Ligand code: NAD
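We begin with a single chain expressed as structure tokens, specifically the form predicted alone.
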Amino acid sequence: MLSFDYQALPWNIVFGVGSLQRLPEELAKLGYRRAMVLTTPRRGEQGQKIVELLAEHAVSLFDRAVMHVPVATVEQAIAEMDRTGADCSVSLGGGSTTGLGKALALKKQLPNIVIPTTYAGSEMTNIWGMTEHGRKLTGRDNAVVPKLTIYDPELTLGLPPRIAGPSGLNAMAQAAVNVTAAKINPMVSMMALEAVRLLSRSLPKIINNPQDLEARSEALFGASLAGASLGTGVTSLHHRLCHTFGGSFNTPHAETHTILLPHSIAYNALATSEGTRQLASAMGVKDAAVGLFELAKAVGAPTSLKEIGFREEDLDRAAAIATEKPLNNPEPVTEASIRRLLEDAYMGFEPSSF
């Protein structure tokens, strides 16, 4: 007999090709008139186009968002917010800008609007994260859930395959951990499995034909569902490891998820045998962990920590940081077992059950 609790987050979504043009209209519906546009330095030119689209309802462009949301960057954005009197933020980009918008919502109650251009999926969660003094602090708060998310698949056409692959696998991680959790919530699992199906199918198509708008749309929807599953689901070992590497070693976010995910799934495989079987089925493979590893190779993503510049001599420190606080995980976690997992991930070995 089914028995579960479920509470959805306050999502507000506009999805479709060309939907970016609805931004001024949707902003007016929400009653916001002084938007601060957030981007990374690389997307400053695109951010300026958002400023132009909003015309008199854009007060500034803050193009200094960076990976892992350093507290120093948040403080700079708060100063800009105070200077301009912004009544909302509009984040254009991936997890870096979405994360900055969430930090402003958490610290200053600044409503945030998100326009994803990657497959991060974090816009669908109530999870925030900021980095300070070599540690990434995270938490959950419904205040950080965007007041509006506009998904326009056309905005992802410029995402190069070398970034699209890891970005999609980053989203896949959000879904995979909620298919292989200790206690499965059927509402969450339903979204997670559909996310896995969509991303498994669309990512190779994008790599083969980056201008395939149908595949781009599927991947963006899959990322949204993956984020939704994490937003109303759980995190476990995998996200603890990724936060360790991002916060303490500044490794690239999506690539870190891509490399560690197959090994995290393999680590918990025996303790979550039915969920792991469902994950494999959704991907159309026999072994979920190996399937994720092969998918990463198929989309040209890195499969070893050494490929992204992580140093072998830091493996002991990473294992110690990852296990310094208790962790609710299906398979018991020890520093020694995590050290072994990270050794395999460093070398790029095919994942195997523990």
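Don't overthink the numbering: it's just position in the shown sequence, from 1. It should be emphasised that the depicted structure is a prediction, and the values quoted were computed from it without experimental measurement.
Another form, the form predicted in complex with the named molecule, is not on view; read the next lines as being about it.
Chemist: Is T156 one of the residues lying within 4.5 Å of the named molecule in the predicted bound form, judged by heavy atom distances?
Modeler: Close contact exists here: in the predicted bound form, T156 approaches the named molecule to within 4.5 Å, heavy atoms only.
Chemist: Decide whether V145 counts as a contact residue for the named molecule in the predicted bound form under a heavy atom distance cut-off of 4.5 Å.
Modeler: No, V145 is distant from the partner.
Chemist: Just to confirm, G165 within 4.5 Å of the named molecule in the predicted bound form by heavy atoms?
Modeler: Result no; G165 lies far from the named molecule in the predicted bound form.
Chemist: Classify R42 as contacting or not contacting the named molecule in the predicted bound form by the rule of any non-hydrogen atom within 4.5 angstroms, answering yes or no.
Modeler: R42: yes, in contact with the named molecule in the predicted bound form.
Chemist: Quick one: which of 269-277, 253-261, 106-114, 185-193 gets within 4.5 Å of the named molecule in the predicted bound form, going by heavy atoms?
Modeler: Only one stretch qualifies here: 253-261.
Chemist: Heavy atom within 4.5 Å of the named molecule in the predicted bound form: which of G134, G284, P160, G85 fits that? Just give me the one.
Modeler: Looking at the other structure, the residue within range turns out to be P160.
Chemist: Just to confirm, with a 4.5 Å cut-off on non-hydrogen atoms, which of M67, L327, A298, V290 contacts the named molecule in the predicted bound form?
Modeler: Checking each option against the named molecule in the predicted bound form, the one that comes within 4.5 Å is M67.
Chemist: In the predicted bound form, does each of A176, S200 and A219 have a heavy atom within 4.5 Å of the named molecule?
Modeler: No: no residue has a heavy atom within 4.5 Å of the partner.
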